[in-house]
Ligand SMILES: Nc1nc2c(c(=O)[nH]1)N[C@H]1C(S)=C(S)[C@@H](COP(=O)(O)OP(=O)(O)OC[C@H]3O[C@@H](n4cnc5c(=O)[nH]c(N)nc54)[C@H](O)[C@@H]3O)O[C@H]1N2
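In the block that follows, a single chain appears as structure tokens, in the form predicted alone.
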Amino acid sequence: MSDVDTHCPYCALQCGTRLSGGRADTVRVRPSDFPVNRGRLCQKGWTAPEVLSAVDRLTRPLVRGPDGRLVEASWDTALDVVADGLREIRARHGPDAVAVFGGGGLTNEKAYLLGKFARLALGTSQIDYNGRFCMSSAAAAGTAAFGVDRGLPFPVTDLRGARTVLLAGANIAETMPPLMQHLEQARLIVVDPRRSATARRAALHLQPAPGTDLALALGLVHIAIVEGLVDQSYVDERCHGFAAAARRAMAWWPERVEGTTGVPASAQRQAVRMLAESRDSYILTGRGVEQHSKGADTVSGFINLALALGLPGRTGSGYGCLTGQGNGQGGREHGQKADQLPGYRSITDPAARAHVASVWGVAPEDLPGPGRGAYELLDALGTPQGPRALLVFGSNPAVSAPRAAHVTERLAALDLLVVADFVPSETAAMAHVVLPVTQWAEEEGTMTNLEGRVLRRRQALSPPPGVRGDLRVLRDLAVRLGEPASRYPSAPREVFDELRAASRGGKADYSGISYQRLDAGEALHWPCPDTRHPGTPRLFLDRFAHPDGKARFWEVDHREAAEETSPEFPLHATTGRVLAHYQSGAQTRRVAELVEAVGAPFVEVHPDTAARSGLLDGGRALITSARGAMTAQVRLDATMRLDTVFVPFHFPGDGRANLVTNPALDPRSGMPEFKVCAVRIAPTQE
């Protein structure tokens, strides 16, 4: 096999890689000089090929037999079982009794066709995806402020010129290590309740109590106003709503913020002054401030700070959100969210419905309306008013969803659970039918990274015999459900061309992007409205995406987390990622080097907190919330807050961090409160 240029299968940096080797067990990877990684990879990227030859790789469809065991079956048998089950459930309970759950790692083509399949072949409104757990708060806040949501409205390489960067809830030294090279010249201000690997490199670490980030953001805006650091001409010329947002912020003076967050008033003032000293400043948010029941408001608070300082829409400064999943950006743009149609169109907009319906060859009234968001969808499974069947593509909600034991119960209550995957994930193990599909190096397609840059995923090797692509699976199911085969192309290039037409005129307009242009090496960021357009690497330089061209301050105020500590549950628990693993760990837990690095769940605890709880370093702990309990190995860390423990969420079984997390939802985004819940901790009784 000649070398193939493609991209890493993990995070939204989508680092450029070059693959060589003709078989799954001989594929080797080396980094390419792609702008976001510039010849570097993280530990996950270097070891990514090992998953291609995982010993438990799925290569034959599995159907659960009368004895309850999953047994191998032919593709025809498996697809017939699925189609027959879907038809029966729809006939008995209606189209919304069937649901679809997608993933932020699916290619643009898969995400697009999955949404089309759900709304036409199934006729259901019940489709959402795991990106609801990742980027939805920042998407809601970005759309409200700027009129459009794109993770970074500028190229990653612009950060190399930054003098100061505030990272709010983003531990990129572990989650996106190649990104750190772009920040080597910047003074970092890190907002994180932990002294993370990123915080250890910071010039200033602000360590708020979990759930208080919004109070901190309000306090920083307050300081900017009082100290005369607001860029008033920018605010007057390019924004609306400053007065109302300022009134809210003026109630949060530094000492009040210190009492709420624990961040010293002096450190708050230092942070604002560092950002305001020059215009070469950026504010970047991540999951740490988003995964809350007030996550959208919290992101809005940090956007308000950026607008007050005059950062967005200027060369050399700005605000951005660090998208997490590999196609977290493209995955939410093209139709697998409950409320969206391709091109980032609202499903309730009559003009949007008419445009997409015309591309699909149906009447606008044939398209269902908005459905449930991700957690609400999972929570309703198997109930009298909820879906009786679920098709899962590219996700593992048995591990990744909040209140995981409850979600597992809901999955078990289904009449039909179908999972398309390439390894037997914890969700696949519960399925009635498992469909083996291709991995990243075995398929063609496109991805959209955190900069809104559309990239080519290229096939480096053939999939194992018996494995099919997701696009073909969707077509074959659609045909069995009575749809014309021509409506569901299975060639990625054909699907992308249809996606281009469906997105034309939308906020995320891909109509000018083609495989031909991408293969010729053009760097194309959306929006790209025609084939002569160069793409838009930098948004907002002339105007924001609201009709009047102006950005909006959003009036927000701090409120407590949905669940406060108590004598029964006296500690905050917060969750996150570690360098060696990704998402639910279904892929990375199959890589020997990564398992050797971190092979089991752990809990970080301050030594004094551990002593009060009777815990020993290296011992086993039981972490209990109002929803359930998990077990983990104790790691003492003197930099932890006394009131906080940290657990990673990559592990299955009784080590699932999401056994304890709170499903309280953000009213603006539907984001669950992953980042803070009340717990107690004690030695296990083993």
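Each residue number is its position in the shown sequence, starting from 1. Bear in mind the structure is a predicted one, so any value in this text is a computation, not a measurement.
There is also a form predicted together with the ligand; it is not shown, and the following applies to it.
Just one listed stretch, out of 572-580, 482-490, 222-230, 532-540, contacts the ligand in the model of the complex at the 4.5 Å heavy atom level, and that stretch is 572-580. Mapping the unseen interface onto this chain, Y282 falls outside it, with no heavy atom inside 4.5 Å of the ligand in the model of the complex.
Although the partner is absent from this view, V289 contacts the ligand in the model of the complex, with a non-hydrogen atom inside 4.5 angstroms.
The ligand in the model of the complex comes within 4.5 Å of no heavy atom belonging to G343. D379 falls outside the set of residues with a heavy atom inside 4.5 Å of the ligand in the model of the complex. Contact with the ligand in the model of the complex holds for all three of N396, H650 and F674, each having a heavy atom within 4.5 Å. Site annotation in the model of the complex: the residue of P153, G142, G445, G211 reaching within 4.5 Å of the ligand with a heavy atom is G211. Applying a 4.5 Å heavy atom cutoff to the ligand in the model of the complex picks out P397, S400, A420, D421, F422, V423, S425 from 397-430, in order along the sequence.
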